[in-house]
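A single chain comes next, written as structure tokens; it is the form predicted on its own.
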């Protein structure tokens, strides 16, 4: 929740009002249900900024990626707030969508990390060490090219199948399937995407087996607290040069984050026939 209020302050200071608004009833901005803030609370704190600065009237939360896309297609909402990778996937795999951009809007960056329970500092440090090694030896770049860049270009990658190590500890990783190409499910229900490939590689380097469990986007912190998962994928939004500072924003209590393994840019997706679609 802190993340949204921090962004609210930045928007107040840095954005200039825009003229025009979409028709009533189709001006909401879709967002996957976040942790720690209700739809009413978020809209109450941001409604004046959204009305005066952006061509959206407020947020509407969705439990799944598919339901959000359906709402955008039907005109129930006017746009979706997401990141450049998910936006790229939408543009390349689905017809009728475009981006909304404005020079008045600051460029926010998204940092992708793994979230763990606060007592699992040793595991967090081991995972962070594996991520650092993967950055150094080019593995992260290779996985990004295969599971993000190639996927957005239209070449569907195959799921990375983890090797089973007899007697090894199991790393249980929660997957929502709602952020293609970061993580989603193939037609046969297999977890696939960059995040899942990353988790398989990390577990392999730690000498662990990996098991994926499916959870709703808004239930990721609950999955950690209930110990039904050891790790969930998490993103932090902000214009931060110091990601340690960013890790303090919008983070569930009693959790810790690894260092980001990937960064991207926040994006807005609208219908191609929308009056606010980019030329």
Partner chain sequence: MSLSDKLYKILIQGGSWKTILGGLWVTIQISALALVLGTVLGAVICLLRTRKNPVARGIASVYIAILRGTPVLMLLLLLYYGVFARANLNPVTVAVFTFALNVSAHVAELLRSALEAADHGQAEAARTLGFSAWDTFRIITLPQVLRIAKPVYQSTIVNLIQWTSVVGYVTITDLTRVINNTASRTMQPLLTICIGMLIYLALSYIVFGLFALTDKMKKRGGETA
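Here the structure is a predicted model, which means the values were calculated and not measured. Numbering follows the first chain given and starts at 1.
This next part talks about the form predicted together with the partner chain, which is not shown.
Listed residues 176, 82, 113, 196 were compared with the partner chain in the predicted bound form; 176 is the one with a heavy atom within 4.5 Å.
Proximity of residue 138 to the partner chain in the predicted bound form falls outside the 4.5 Å heavy atom cutoff. In the predicted bound form, at least one heavy atom of residue 90 sits within 4.5 Å of a heavy atom of the partner chain. Mapping the unseen interface onto this chain, residue 185 counts among the residues with a heavy atom inside 4.5 Å of the partner chain in the predicted bound form. Among residues of the shown chain, residue 94 is one whose heavy atoms approach the partner chain to within 4.5 Å in the predicted bound form. Taking the partner from elsewhere, every residue among 216, 219 and 227 has a non-hydrogen atom within 4.5 angstroms of the partner chain in the predicted bound form. Of the candidate stretches 176-184, 139-147, 200-208, 126-134, only 176-184 contains residues with a heavy atom within 4.5 Å of the partner chain in the predicted bound form. Heavy atoms closer than or equal to 4.5 Å to the partner chain in the predicted bound form belong, across 60-92, to the residues 65, 66, 69, 70, 73, 74, 89, 90, ordered by sequence position.
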